[in-house]
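The chain below stands alone, shown as structure tokens; this is the form predicted alone.
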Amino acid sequence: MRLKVVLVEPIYEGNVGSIARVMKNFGFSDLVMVNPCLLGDFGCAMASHAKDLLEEAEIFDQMEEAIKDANLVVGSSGVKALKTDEHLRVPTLSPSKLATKLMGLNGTVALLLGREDNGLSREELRVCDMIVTVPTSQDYPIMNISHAAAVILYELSHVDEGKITLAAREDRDRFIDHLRSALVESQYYPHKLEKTMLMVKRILGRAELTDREVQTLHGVIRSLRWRVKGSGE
């Protein structure tokens, strides 16, 4: 498993440096940043012997570009940020349960860490296949971003190399578009379409699909569409 740590608009260079340091502590080196703050001497000092991660980090203007090659996208968030749409189940995993879920899989996983003040936005959380949150005391539940990263990365450092290759994200997206077209064609309730598609996307993300499974689902949709068209003639 290749893990990309994606910092989404980090505000403080000290936190960026600290995250680079804990990444190196636990054997990770793939750092990506989206619209980061300026990095100066303080950020490099906090990184200590992980300054090379800062120097080699990829930087993007849009989050979509940062995660386009990821098979799975995992968002980190505090519990309060997870109140999204009614009836939409957004299960959260502890870092240890996330590690268990990723065990045996082969692919690229993007771990999103949001802004220090507001975390990841609702729209950014919608993009995620899974959500990880660090269990904390209710007296003070929100952690510093670098501390949360340390807990998560410690658990993920125990994930063994897998043999089950995950489907490419673009292939999953094509299947979702295929399903959307089929639903529109079948005159599915227009007012329910977007929420249904988001729910399907969540389900598929948790299912950890392989290429063959995605192709099989494509075949199911093609067969149903063919039957519907045939019955109407």
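For clarity, every value in this text was computed on a predicted model and none was experimentally measured. For every residue, the number given is its place in the sequence shown, counted from 1.
The form predicted together with a further copy of the same chain exists for this protein as well; it is not shown, and the discussion that follows is about that form.
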L125, V134, V73, L105 - the one with a heavy atom within 4.5 Å of a further copy of the same chain in the predicted bound form: V134
Using a 4.5 Å heavy atom cut-off, indicate which stretch of 58 to 66, 22 to 30, 165 to 173, 198 to 206 touches a further copy of the same chain in the predicted bound form. 22 to 30
Assess the spot marked by Y188, D211 and S223: is a further copy of the same chain within 4.5 Å of a heavy atom from every one of these residues in the predicted bound form? no
L183 near a further copy of the same chain in the predicted bound form, any heavy atom under 4.5 Å? no
So, in the predicted bound form, is V151 in contact with a further copy of the same chain at a 4.5 angstroms heavy atom limit? yes
Using heavy atoms and a 4.5 Å limit, would one call S77 a contact residue for a further copy of the same chain in the predicted bound form? no
Within a 4.5 Å heavy atom cut-off, is D129 in contact with a further copy of the same chain in the predicted bound form? no
Within 4.5 Å of a further copy of the same chain in the predicted bound form: residues from 139 to 161 (heavy atom criterion): Y140, P141, I142, M143, N144, S146, H147, A150, V151, Y154, E155, H158
